[in-house]
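First comes one chain, alone, set out as structure tokens in the form predicted alone.
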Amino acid sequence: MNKYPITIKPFGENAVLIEWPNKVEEVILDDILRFQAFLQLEIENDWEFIPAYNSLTLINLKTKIDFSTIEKQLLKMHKDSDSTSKRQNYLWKLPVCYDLEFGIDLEELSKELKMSIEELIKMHSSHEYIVYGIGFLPGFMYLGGLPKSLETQRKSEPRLKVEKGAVGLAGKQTGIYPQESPGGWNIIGNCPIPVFNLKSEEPCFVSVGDKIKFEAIPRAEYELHKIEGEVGIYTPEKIVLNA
């Protein structure tokens, strides 16, 4: 397992930002998550960890950070860290209805990408995507691994209202809007189950480093899963990745 060079920067009085090489690569994300798992075993529980594409933010709201001291500690810990440490990751299978009522940009995208709507849907639902970050909205997953043939620009004029559950494409990424929101991604379908629920013990069941696979479903199945999701009885299928 590679260990990549890191740089550490102050991030206000209560946080530090650890940065890895500025590349979108699964092996770099693995190094970030392994170091996070190592730190969670080695340092006090007062720290909160936020992993993303090329960084790990450490936050401690109980203590004003002495940056010089924590920088030296973190560099040494990264050097000495156990490369076998890593949290359990899962592959989640999430249903998506690509009906044109939900996939409001499907027709325009199929022309832009020079493929039929059926080919576009098959391409999008046949790949596994890596969760590189969670943000923008609570539970919004930035999913990497989009086939090059589906890469597209954000819309030139963002919509003021994108529906909850909307599945979109932008640049090299795909994702699900966990709630109604403004947004500039190209919308190709809708996921009927909630991916963020503040009332749940674990509001977002997906973590950075997990993988997502979308499964195309017909409208009738969408309506059924929508009801199951609203009453809290839908359980998404998950597969252990690194058992």
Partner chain sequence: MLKILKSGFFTTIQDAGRFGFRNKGVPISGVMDSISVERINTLLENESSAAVLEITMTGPTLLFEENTYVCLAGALISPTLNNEPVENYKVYKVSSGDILSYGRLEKGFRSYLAVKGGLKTEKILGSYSQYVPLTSKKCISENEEIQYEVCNLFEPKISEVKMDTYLDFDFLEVQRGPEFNILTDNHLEALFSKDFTISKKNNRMAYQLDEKIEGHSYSMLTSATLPGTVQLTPAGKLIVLMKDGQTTGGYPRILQLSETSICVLAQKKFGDFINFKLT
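Please read these numbers as outputs of a predicted model, since none were measured by experiment. Numbering follows the first chain given and starts at 1.
The discussion below concerns the form predicted together with the partner chain, not included here.
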Q.
Given a 4.5 Å cut-off on heavy atoms, tell me which of 135-143, 73-81, 148-156, 113-121 is the interface stretch with the partner chain in the predicted complex.
A. 135-143
Q) Looking at the partner chain in the predicted complex, do all three of Phe11, Phe49 and Tyr53 come within 4.5 Å of it through at least one heavy atom? A) yes
Q) Should Cys204 be counted as a contact of the partner chain in the predicted complex, where contact means heavy atoms within 4.5 Å? A) yes
Q: Classify Lys23 as contacting or not contacting the partner chain in the predicted complex by the rule of any non-hydrogen atom within 4.5 angstroms, answering yes or no.
A: yes
Q. Does the partner chain get within 4.5 angstroms of any non-hydrogen atom of Ile59 in the predicted complex?
A. yes
Q: Please run the contact check for Ser181 against the partner chain in the predicted complex: heavy atoms, 4.5 angstroms, yes or no?
A: no
Q. Can you name the residues of 28-44 that have a non-hydrogen atom within 4.5 angstroms of the partner chain in the predicted complex?
A. none
Q: Using the form shown as baseline, tell whether Lys199 and Glu221 are closer or farther in Cα-Cα distance in the predicted complex, where the change reaches 3 Å or more.
A: closer
